[in-house]
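We begin with a single chain expressed as structure tokens, specifically the form predicted alone.
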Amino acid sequence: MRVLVTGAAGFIGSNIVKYLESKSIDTVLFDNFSHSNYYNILDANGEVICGDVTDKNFYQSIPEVDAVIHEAAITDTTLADDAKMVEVNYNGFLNVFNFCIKKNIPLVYASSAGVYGKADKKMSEQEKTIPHNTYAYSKYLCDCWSRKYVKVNKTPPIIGLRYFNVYGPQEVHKNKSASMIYQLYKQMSRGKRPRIFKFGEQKRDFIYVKDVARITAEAINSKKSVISNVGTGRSRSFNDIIAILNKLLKKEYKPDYIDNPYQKVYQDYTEADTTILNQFLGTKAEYSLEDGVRDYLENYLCYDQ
């Protein structure tokens, strides 16, 4: 099998490439390197193609492949250029989608838990989605198009994966868009009190990127089209993260609570309903938050033990 991975030099994309190649699957790495880092794919064996998914003719540079995993996107939710966000995340998706339809090959694409907006219970794929920023809206458009098209057309399997809060190795290039786990680690490892919004009880479904990479790669084998959450099914607070980091770093830092300037568009709570992930895709997250953060720190961030 040969798999095209768009956004291959990005955070999640590069971890997917690494997982695929660990299973002896041939890869084609597609990226325009505008929001990624070549360092993430230095050890990759696949063919590298520099290109942009917003180019309707991008397919002309693609060799024969058996499936596509689409990760190319702008993920900075604070980007002020709404037109750019939608152009890359939605129009780019449509180009990749049409390529897969034409070639009759499976497509697995990255959606986001951001499509749900604010919630106070587990987020189910059947629930109404109310995105609160342009990034989430761009992913909402992808899901709407996928569902509408699949409903009235015969297609190869089209699998949309709504990633929850992903953290782990190869995210450093994202800077301010990197996970809160990385941001808090960076502060605490430099001797600073961790800064979080008042009062640290906001909860997220944090999922380790190794789980995300494995689940995404496994989704290629789905026989039917589906949109599925990708989370652990358990939300944890920012205070929990600080407690875990304090234990691993052997510190006793107290949080520095600050006001939240993004309150109107901020998700205070995310937690995945994993029914479809478990039953339809037949898989689940394997890393607990404690295990994932420990692996991240010990094997990639190299803190002093």
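Nothing here was measured: the structure is a model prediction, and the numbers come from that model. Residue numbers here begin at 1 and follow the sequence given.
The following text describes the form predicted in complex with a small molecule, which does not appear among the structures shown.
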Considering the small molecule in the predicted bound form, find the one stretch among 105 to 113, 188 to 196, 124 to 132, 144 to 152 with heavy atoms no farther than 4.5 Å from it. 105 to 113
Name the residue from Q202, N165, N95, S225 that puts a heavy atom within 4.5 Å of the small molecule in the predicted bound form. N165
Contact residue in the predicted bound form, from A73, I159, I215, I181 (heavy atom within 4.5 Å of the small molecule): A73
In the predicted bound form, does H173 come within 4.5 Å of the small molecule, counting heavy atoms only? yes
Please check if G292 has a heavy atom lying within 4.5 Å of any heavy atom of the small molecule in the predicted bound form. no
With a cut-off of 4.5 Å between heavy atoms, is I220 one of the residues that contacts the small molecule in the predicted bound form? no
Do E271 and the small molecule come within 4.5 Å of each other in the predicted bound form, heavy atoms counted? no
Quick one: in the predicted bound form, does every one of A9, H35 and G51 get a heavy atom within 4.5 Å of the small molecule? yes
